[in-house]
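One chain comes next, on its own, written as structure tokens: the form predicted on its own.
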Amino acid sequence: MSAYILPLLFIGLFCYAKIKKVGCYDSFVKGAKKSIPLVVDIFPYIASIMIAVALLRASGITALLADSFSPIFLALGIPSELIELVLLRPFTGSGSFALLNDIYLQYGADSYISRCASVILGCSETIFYVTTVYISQTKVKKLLYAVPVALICSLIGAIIACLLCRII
């Protein structure tokens, strides 16, 4: 069934566009033209976040932070195996999925750790990536409260994810 969802969605979209008399190809080309300046504007912000995350992981700082915060995270109900994932998730999506893959390979896809990791990824966001895109495209430059609140909510989501996985 899932193999047919995407083709059916496209067919439905093309039929709807035909009924509304909208040129699909022209709309696509117009949108693609608008995306090039957007990519040029966003690229420095995204590149800086990716470089920072790569440096943090390569230097071992994330592992050191995970060891340092281990007692706190354990008290909150987050297993020590997931601390690096919780710390990196606000910075990088692809890095988080790479960690998730490592967790699956090490603990198996049906283990408690893997289920917690999956729910954590599903209920959190790459906060700093979204923030950099937002800052690059709006006049708002001061996010005094938004980033700390988002980080706190991400931590609460991780705590609840582990709690729910323990119950279920």
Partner chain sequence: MIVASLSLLVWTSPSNILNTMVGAASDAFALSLELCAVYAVWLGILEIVEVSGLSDKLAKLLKPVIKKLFKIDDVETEKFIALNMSANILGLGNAATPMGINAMKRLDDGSGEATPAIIMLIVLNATSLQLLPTTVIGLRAAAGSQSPADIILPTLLATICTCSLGIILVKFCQRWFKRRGK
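Numbering follows the first chain given and starts at 1. As the structure is a computational prediction, the values presented were derived from the model and not from experiment.
There is another form of the same protein, the form predicted in complex with the partner chain; it is not shown, and what comes next is about it.
A.B. asks: Would Ala66 count as touching the partner chain in the predicted complex under a 4.5 Å heavy atom rule?
C.D. replies: No.
A.B. asks: So in the predicted complex, is the partner chain close enough to Leu8 to count as touching (4.5 Å, heavy atoms)?
C.D. replies: The answer is no: Leu8 has no heavy atom within 4.5 Å of the partner chain.
A.B. asks: Just to confirm, Tyr107 within 4.5 Å of the partner chain in the predicted complex by heavy atoms?
C.D. replies: Flag for Tyr107 set to no.
A.B. asks: So in the predicted complex, does Ser70 come within 4.5 Å of the partner chain, heavy atom to heavy atom?
C.D. replies: Result no; Ser70 lies far from the partner chain in the predicted complex.
A.B. asks: For 119-140: residues with a non-hydrogen atom within 4.5 angstroms of the partner chain in the predicted complex?
C.D. replies: If the 4.5 Å heavy-atom criterion is applied to the partner chain in the predicted complex, 119-140 yields Val119, Leu121, Gly122, Cys123, Ser124, Glu125, Ile127, Tyr129, Val130, Thr131, Val133, Tyr134, Ile135, Gln137, Thr138, Lys139, Val140.
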